[in-house]
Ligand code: ADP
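A single chain, nothing else alongside it, follows as structure tokens in the form predicted alone.
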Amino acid sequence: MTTVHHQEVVQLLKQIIEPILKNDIVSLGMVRNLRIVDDYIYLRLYIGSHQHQLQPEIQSKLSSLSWCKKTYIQICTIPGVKITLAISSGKGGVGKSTTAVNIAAALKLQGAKVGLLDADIYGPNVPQMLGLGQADIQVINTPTGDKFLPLEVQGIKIMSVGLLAEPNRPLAWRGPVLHKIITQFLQDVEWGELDYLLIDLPPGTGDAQITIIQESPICGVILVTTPQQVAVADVRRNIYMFRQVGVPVLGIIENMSYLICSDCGLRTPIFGSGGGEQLAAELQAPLLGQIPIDSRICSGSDTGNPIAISEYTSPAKEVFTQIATSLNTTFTFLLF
């Protein structure tokens, strides 16, 4: 009977559509830890700060079940944050963190309030990419307990695991400690009011990635790849992980797509071609941008001056601007 009741609950929840992402809340991974004990329903609802109207809608929908005495809904959200997006890649070295920093910078340039959580425990390079040296993380007292206060640089609020480590020392944390630190970074940071919180995930599909996905109200993921088939194969594994928890893929970004000749303007696909387009076709997700190889992307990351907010124009800067515009268009209803 419990199995039958579980199926009934899931079918009713699938009738509730999130209006922006245009999919049901079960497929979007917003409903987790669904349990039925006797005649009571328990579930966790992972939402952004703008989606609290879903709770009474769920209560109303499930009230039609004659056998259900009461529904208990635990709201899981990051206070003040409207949209939480993950930036992910199947393998390291494809420019995921560089892409995350430049998307954050491009969104900020278009007027959005942006936070960036550097959860890449294997290579927490975001502080350096934004020109942030060693700095102490402050802890403040709030009505809900002690919270980390994020640092702010170039108008972007930032928190990074790299700020907790000694310079040039490896982050050799074992599973339980790692899980606790990641959970604290998701639950105990006072972000304030944000339009976007971007989470730079570690590459791959390990414990850290799964913990972040399961414990945060991520409403979608952006996958970063390079054109060659080796990178594409690793991204496919990443896709399977996100599908397991119902997190939708919002789009694909192909980094290092081509080199532009400075003399003739000819595009040369040094690392092959078609990887991003292939993934976009398989996933039926948009190809958000193809970022060219540009030495100024590297130098900007080294000096803390992301190319997305640099003074000069370039094809790479234009791509990041287009990606930010596309995200703002997708979430216009929530932001304005």
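Just count from 1 along the sequence shown to find any residue number. Everything numeric in this text was worked out from a predicted model, so none of it was measured.
If you look for the form predicted in complex with ligand ADP, you will not find it shown, but the lines that follow are about it.
Chemist: Taking the shortest heavy atom distance, is N255 within 4.5 Å of ligand ADP in the predicted complex?
Modeler: Flag for N255 set to yes.
Chemist: Can N125 be called a contact residue for ligand ADP in the predicted complex at 4.5 Å between heavy atoms?
Modeler: Contact check for N125: yes, within 4.5 Å of ligand ADP in the predicted complex.
Chemist: Considering only heavy atoms, tell me if G92 and ligand ADP come within 4.5 Å of each other in the predicted complex.
Modeler: Contact check for G92: yes, within 4.5 Å of ligand ADP in the predicted complex.
Chemist: Contact between L34 and ligand ADP in the predicted complex at 4.5 Å, heavy atoms?
Modeler: L34 lies outside the contact set for ligand ADP.
Chemist: Just one of L288, I297, I41, L279 has a heavy atom within 4.5 Å of ligand ADP in the predicted complex. Which one?
Modeler: Of L288, I297, I41, L279, the residue with a heavy atom within 4.5 Å of ligand ADP in the predicted complex is I297.
Chemist: Which residue, S160, Q209, T98, S216, has a heavy atom that falls within 4.5 Å of ligand ADP in the predicted complex?
Modeler: By the 4.5 Å criterion, the partner-contacting residue is T98.
Chemist: Please identify, from 288-296, 43-51, 23-31, 56-64, the stretch that has a heavy atom within 4.5 Å of ligand ADP in the predicted complex.
Modeler: Answer to the contact question: 288-296.
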